[in-house]
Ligand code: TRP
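Taking the form predicted on its own, here's one chain by itself in structure tokens.
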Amino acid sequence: MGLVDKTILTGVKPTGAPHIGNYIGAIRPALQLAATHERSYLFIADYHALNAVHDPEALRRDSYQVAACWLALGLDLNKTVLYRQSEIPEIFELTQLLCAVTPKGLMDRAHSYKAAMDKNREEGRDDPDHGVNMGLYTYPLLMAADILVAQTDIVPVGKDQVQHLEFTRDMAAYFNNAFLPVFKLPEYQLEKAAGDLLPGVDGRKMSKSYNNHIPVFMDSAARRKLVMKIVTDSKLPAEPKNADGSVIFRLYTHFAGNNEVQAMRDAFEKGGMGYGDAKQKLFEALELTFEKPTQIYNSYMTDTKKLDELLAAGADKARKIARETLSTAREAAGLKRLR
């Protein structure tokens, strides 16, 4: 089968190194999606991160981590254009063009803005806009520009981002109706919730905030030590166990083959496998998946000049379509095309 003649775009906010829940829920599906489509863009959403991150060194480090992470996990630069959002100035001019046709009420209805106001009310603040900067308030506008500038067909998103894709379609339609049909109306592809449901070592949802996560990139000894900390009950090896209720088994299903998964299920349910042996098998599956990527990741993070070169090359490619899209939009609005 040939590649699907569509453009895929994924944005990743730089928030530190990923854990295996991020890999299962977002990174692996996005890589698989890119491999089946004609055109693919992946950008580091560093301007979006600025709404909350005011530590320049942290932002630089986290941006490098995003690039190194995706490259280490198999991003093919022959198929996917990788770039920093901040290196595409056309995005920000397009944001201003979208501002000119987007009603304020749309921004008022954004989930992210409403959540911030609700939090202020719950905390008893007199000002519901306390701590809300204009970056947060206009977040959907910049996100729409990210998407529309690349003439994107499909954007993989989680449930919390669906509204923003709907807003993007609205903004594209506002512009097209006010001037000329410049923009496609992008579709979203809902990411499966597998990553959101992945348990951490303590059985709760895997999250950095709970400090119960298993990082993707870590040395083998640390990875094994963390796996061995997974909380279990006190059943003996010979006793039957509920496989689906086991954190070990639930994690194992995402990294082992079908035969290996069935073998662990059988051993748990019939009795005969202890938790220590099961943890060792999980560690081996994780090691097989992430040992080599960890080496590649560490190599990139010690040579950030190489990352800068790759990101600059990606920005040059991304700017070609961004410049053409912006020129067409400018002309439609009565402005001069870019020279």
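All residue numbers refer to positions in the sequence shown, first residue = 1. As the structure is a computational prediction, the values presented were derived from the model and not from experiment.
Keep in mind the form predicted together with tryptophan is missing from the figure; the text below concerns it.
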Which of 44-52, 63-71, 285-293, 272-280 sits within 4.5 Å of tryptophan in the model of the complex, heavy atom basis: 44-52
Site check 176, 183 and 324: each within 4.5 Å of tryptophan in the model of the complex by heavy atom: no
Distance check, residue 230 to tryptophan in the model of the complex, heavy atom within 4.5 Å: no
Tryptophan contact at residue 147 in the model of the complex, heavy atom, 4.5 Å: yes
4.5 Å heavy atom contact, residue 329 to tryptophan in the model of the complex: no
4.5 angstroms heavy atom contact with tryptophan in the model of the complex for residue 319: no
Heavy atom within 4.5 Å of tryptophan in the model of the complex - residue from 88, 248, 264, 155: 155
Proximity to tryptophan in the model of the complex, single hit among 94, 81, 172, 143 (heavy atom within 4.5 Å): 143
Residues in 9-45 with any heavy atom within 4.5 Å of tryptophan in the model of the complex: 9, 10, 11, 13, 43, 45
